[in-house]
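So this first bit is one chain, no partners, the form predicted alone, shown in structure tokens.
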Amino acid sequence: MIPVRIVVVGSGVIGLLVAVECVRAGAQVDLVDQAGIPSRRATSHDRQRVIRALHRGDATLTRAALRAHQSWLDVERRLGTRFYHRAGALTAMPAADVPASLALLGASGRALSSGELSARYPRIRFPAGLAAVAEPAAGVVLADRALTALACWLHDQPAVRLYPGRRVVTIDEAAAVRFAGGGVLAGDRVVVAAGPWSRDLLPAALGGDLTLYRQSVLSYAPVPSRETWAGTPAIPALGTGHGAWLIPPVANTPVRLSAASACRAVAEMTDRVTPDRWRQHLIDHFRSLLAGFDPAAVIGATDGYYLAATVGGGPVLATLGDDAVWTYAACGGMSFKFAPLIARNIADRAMGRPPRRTGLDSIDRPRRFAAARREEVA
């Protein structure tokens, strides 16, 4: 039997994991990226990404995130490389909201009172009166190491051909991609997971429903960093009106500081240099949140981009034509932790198998576009 040939465009976390899942299912895979493999330009190529389960008020997402946590451990074991560090995670919230959040997590969570927060984490000035829910089993994935390990695994597979430095300019619904400067690569299915560049390859009816966001993040390294931050979990929500979050140093990485208020919609991707106003915005915000905050210890700042659905703000999976092309059109800014579940779902579809559910409605119920006129159908 001739194996299915899958062309995967994009070597961020989704593209790499889809390629792995397809190879494990017996497919031949052609992996293409406009940069290197893995792509250092990918939205997911970053130092640290938090893997935690709690999604306040959403039992479905919380259950999916619990499965994703286990899936990341499975990926790590399969690759034989450590990149998932169990630092724990902490979500600050009004004390009255803690019981409902604990009910979502079950045995995976535990409560911390306002007094316990102050005693355990004296360097962090949580807003007055807040309590928290801790997830001891959660942690931080060193994303660049994970992507490198995935790319190395694929490089060693005889069923995989890698095409770094090849920019795709057109997707043919008959399962082919066309390169800048000429050349065509065809397969039985095409999977597009090109991050914020995906919009340039999509039908106008789909691309017009996506919003491009730019996020600023500080790298903070007070001296001595390791001793200062020992035992600090990832804190995806410090409970501030600005939506502040932090990721502690893991494996000698700096602390990462940002906030929802430093994320803004933009018209196009330009550079990744953080403008002074956004750097100062974050410095001013964390000056009030971290005891002894030293602006001189901000050793860097960088901006990243991602696409999200304009309505709902989440990820988007769509198919073009007769299911020959599957595109992960937008990550929604939160899909890294769900990446193993999403990749399995997309790989199943590309292989023509019943997809395993993710618990994410926009992935389990993808959008469909007709081939001839590229207009959305039901």
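Everything quoted here is computed from the prediction, not taken from an experiment. All residue numbers refer to positions in the sequence shown, first residue = 1.
The same protein has a further form, the form predicted in complex with a small molecule, not shown here; the description that follows concerns it.
- Using a 4.5 Å cutoff between non-hydrogen atoms, Pro196 counts as a contact of the small molecule in the model of the complex.
- When contacts are judged by a 4.5 Å heavy atom cut-off, Arg349 does not count as touching the small molecule in the model of the complex.
- The shortest heavy atom separation between Leu201 and the small molecule in the model of the complex is within 4.5 Å.
- Among heavy atoms of Tyr305, some come within 4.5 Å of the small molecule in the model of the complex.
- The three residues Ser11, Ala42 and Ser335 all sit with a heavy atom within 4.5 Å of the small molecule in the model of the complex.
- Proximity to the small molecule in the model of the complex, defined as a heavy atom within 4.5 Å, singles out one entry of Val255, Leu112, Ala175, Val168, which is Val168.
- None of Ile235, Val217, Ala151, Val250 but one reaches within 4.5 angstroms of the small molecule in the model of the complex through a heavy atom, and that residue is Val217.
- In short, of 22-30, 49-57, 349-357, 317-325 it is 49-57 that has heavy atoms within 4.5 Å of the small molecule in the model of the complex.
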